[in-house]
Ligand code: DI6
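In structure tokens, one chain follows: the form predicted on its own.
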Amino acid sequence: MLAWDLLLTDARVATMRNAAPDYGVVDGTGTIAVKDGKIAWIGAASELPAGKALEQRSLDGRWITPALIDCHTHLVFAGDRAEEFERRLLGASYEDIAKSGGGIMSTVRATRTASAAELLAAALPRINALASEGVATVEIKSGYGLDVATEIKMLEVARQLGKESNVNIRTTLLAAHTVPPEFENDADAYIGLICDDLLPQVVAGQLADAVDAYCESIAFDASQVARLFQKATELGLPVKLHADQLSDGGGAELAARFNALSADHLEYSSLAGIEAMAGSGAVAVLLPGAFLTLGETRLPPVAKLRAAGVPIAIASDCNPGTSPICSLRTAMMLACRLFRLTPEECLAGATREAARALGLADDRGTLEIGKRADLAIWEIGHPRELAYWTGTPQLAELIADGHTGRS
């Protein structure tokens, strides 16, 4: 007779398995057994093998989906940019704000001066807000330090967030976010600092799971990013890229060339870039919060991504400047409204495809035997509601790595 830690019965289950139609819904009354933090069995109650569980609970018809995954955030930072937001609404340009000391450099200054304890205290409410919506895995980027000490501090705080919450944290080094003032007009030298000094320290301390960069005319060009990605690859770290957000700088092609986990934004990506991503297996991460906040009008090429078979993920891009949205559910809703994704695409984008964008597809993102028991239990009539409602507390319970906890 089988023995389980937890048995959930009388549920409706959306597995979100790849290529499964209609959310991968289990036919009949759904049941999930959990053992050692993994899904040990899943299926219709009529097919449940004989076994005993330390804890057994009826869910009374509630829905279970994979726990959500936010695969692109900048959650660790100090201060905010609400004053700049107000100034822009009153007519100030981004250039005006930057010249007066605002923009990303205002966040860099605040983050550099903040202690690790202050950064942790500021980030905890953000991570808890995501968890309250059913998120069990969050990627957090650095990039507001732009010097060795602060980038390392940010990554250490991000790691600590995973110990302080019921959320699994994946960290990404984004030191190549923009050129810091100390290297004004010498971006090549700054890339050299990252490659020769910062990256080896990050690898030695096991502080990052991936390396990211911003490939854009206002940040770093393709040759500079390629140099960074080559070094990251040599050190055994996968890469991902902020690509083609404001112009077609060949970011999608560059991401594909280095077998990037993902290319993110993509509003200006060419067909050649999309086809290159399809060939490499890179995930397209769409960020509707930034699209909305910046008032963009150039939509990402969703139809071309679909036609090419590029997986599409959705993320909050939570950050103080261009996406002050600490809600993956809101990002899903916006992806429907702004990008015309379907609710099923949005749920897949925040589960199955988000896992792919983090290199975790073998471990989570769908409900299958052997995968991590990250389960979101919902008070909903159908999973399509998860990209329909906003501001409605529909999460009944989040189970992360097999550990239960009421929302």
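One rule holds for the numbers: they count along the sequence shown, beginning at 1. Remember, predicted model here, so these are calculated numbers, not experimental data.
Omitted from view is the form predicted in complex with this ligand, to which the following refers.
Of the candidate stretches 271-279, 238-246, 295-303, 114-122, only 238-246 contains residues with a heavy atom within 4.5 Å of this ligand in the predicted complex. In the predicted complex, this ligand lies within 4.5 Å of some heavy atom of residue 317. In the predicted complex, residue 177 approaches this ligand with a heavy atom inside 4.5 Å. For residue 258, no non-hydrogen atom is located within 4.5 Å of this ligand in the predicted complex, even though that partner is not displayed. In the predicted complex, none of the heavy atoms of residue 162 sits within 4.5 Å of a heavy atom of this ligand. Proximity to this ligand in the predicted complex holds for none of 170, 364 and 399, with the criterion being a heavy atom within 4.5 Å.
A heavy atom within 4.5 Å of this ligand in the predicted complex is found for exactly one of 79, 250, 192, 321: 321. Only one of 104, 129, 187, 308 lies close to this ligand in the predicted complex, with a heavy atom inside 4.5 Å, and it is 104. If you take 183-214 and check each residue for a heavy atom within 4.5 Å of this ligand in the predicted complex, you get just 214.
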